[in-house]
Structures are given as C-alpha cells and as structure tokens.
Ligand SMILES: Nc1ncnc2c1ncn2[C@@H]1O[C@H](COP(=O)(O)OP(=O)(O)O)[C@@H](O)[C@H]1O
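Only one chain is included here, represented as structure tokens and corresponding to the form predicted alone.
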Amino acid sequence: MKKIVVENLKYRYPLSNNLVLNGISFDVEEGEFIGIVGRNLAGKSTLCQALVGLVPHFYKGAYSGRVEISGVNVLESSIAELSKHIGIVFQNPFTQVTAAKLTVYEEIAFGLENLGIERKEMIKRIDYALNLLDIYRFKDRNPFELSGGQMQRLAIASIIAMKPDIIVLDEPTSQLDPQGSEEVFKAVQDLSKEGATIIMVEQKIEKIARFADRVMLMSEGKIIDYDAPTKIFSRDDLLSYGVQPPVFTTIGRLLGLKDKRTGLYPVTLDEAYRMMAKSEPHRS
C-alpha cells in the first residue's frame, strides 16, 4: 500500500523567482524507510515541509502538483488534519519542545490534549512512546534538563504518541554529539521495526546506507535518483552532488570489490564481508 504519492510537485517561496522543488515525483510504500541525501539547498527540507503541509499552508508561495499522504490530498487538507497521518521532527529539538510544560510526561501529553484524546488512551500512548524511546526514567524531569540526544528522543516520542502513519525526520542528528546521534538512530531503527513509515533527511551516510530501504538523491530541487542504497552509493558521479559515499563503498572501489551479478559496490560492513568471502578462491 502506498503511504505517500507525489506527482510533479513544484514550489517557489514567496518573493523568490526560483523553484526550490522542480517537478518532484515519487512514492513510498507502507513500512518503508526512505533516506534523502544531497548537498545543502537541494530542496530536502522543503520537501519534508511539503509532505506535512507546512508548504503551502504555512509558508504560502507558488505551488502546483499533487501530494497525497495516506490517501489525503495535502492541498485540500489542513495541517491539523494531516497531523493525524504524518508527523515531523526538526533538526533542533529545542524548537519543537513547547516550553509550556514542566515535565517530559506533560510535554508528550500536550499534543494529545489538543486532539481531545481521552485520559485512559492518552496514558497508554504516552507510556508506549516513553518506553519505545527509552526515556521513561526521565518522565518527571524538566525537558530542558535533558541532553541533546535525550531531548531529540522526547521530540520523537511526542510525535509517536500522536500515532501518525508516517514520521518525517529532517536531519535529526545534525546538532548532536556521537552518543546523541546513536541514541536517535537506535530509536528510529526501533520505530522502523515496529512498522512505521520513515522519511529521513540525514548527512550521516553510513547510517542511511545501513537502515534505508531506498535512498533519494536530490540536487537543485530535483530528484536525481531514487533506488536501493547500493545503487545510489555506487554511482560514479555521487561526489558531484555533494554526497560522500559510505566508507565501505570507498574501500570496495579501491579493492575492486563488487557484486559480480550487479556490478555494485558494498555499502555496509556485512555486504563487504560477503563480497570478500565470495571473491576468495576455494582451497582444496
């Protein structure tokens, strides 16, 4: 089942003459993990905002094409209606935390209160999100006492509690240290295993190569390629789009290590190991 369908999406911000999204078309199946890569100003963040309805409902501007989220037309729906199907986690968790609540538990409850969720169901959702993101032990703490990784997990938990079909993460680890980044990726991996549909913009290519089902390569508001990680990261022109290939892809190129059937290079350690094992001569 297709959870996202985008057809010929074009968008230009107010007072700008340039299209930041120029003829974008793609779809996403239920339960897929999609990674989006490309240099700065490729249109990645704007595409995320278009999926959740901030474009065009909040930012306005010139807009054409069709975006459907779980069968709902973005242009014909309010952001509030769309939030029942799709949620977004931004780069900086400090901008997402409301600062209107004194505890982590109350912060997650805030969005549910606005939806009018009844108390028993609210408690069930909050406890689930806290446990899934491994922050239950912080439930009585002030959100601004958390570390960066913990606060980003709080931001994700707040979205999870709303029970959207799709979760969009726009460079959620860009401002985190290695430990915080690992915490967030583990949380997203758990969500993916739970069956959530994930859209993630991320510069940490090793993680995208490991977890994504498909990768979208963007440049100047267009989709250059949209395929399996091995196909995207084996492209000879990848660097020209501002994307550094995974370390095991680089090593594979240097060693001439690639899949004999497809001609593609490894993108993860496991893939590199399997290719090396196949390439070793059999000993009698």
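Start at 1 with the first residue shown and count on from there. Being a predicted model, the structure only gives us computed values, none of them experimental.
We do not show the form predicted together with the named molecule, though everything after this point is about it.
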Interface check vs the named molecule in the predicted complex: of G252, P229, P245, G43, the one with a heavy atom inside 4.5 Å is G43
- Tell me whether R214, I224 and Y241, taken together, all sit within 4.5 Å of the named molecule in the predicted complex, counting heavy atoms only. no
| Taking the shortest heavy atom distance, is Y59 within 4.5 Å of the named molecule in the predicted complex? | yes
* To do: Decide whether L264 counts as a contact residue for the named molecule in the predicted complex under a heavy atom distance cut-off of 4.5 Å.
  => no
Close approach of V20 to the named molecule in the predicted complex, 4.5 Å, heavy atom: yes
Verify the contact flag for R235: yes if a non-hydrogen atom of it lies within 4.5 Å of a non-hydrogen atom of the named molecule in the predicted complex, no if not.
no
Here the chain appears without its partner; judged in the predicted complex, the stretch of 43-51, 61-69, 24-32, 255-263 with heavy atoms within 4.5 Å of the named molecule is 43-51
Checked 10-39 against the named molecule in the predicted complex; residues with a heavy atom within 4.5 Å, sequence order, are Y13, V20, R39
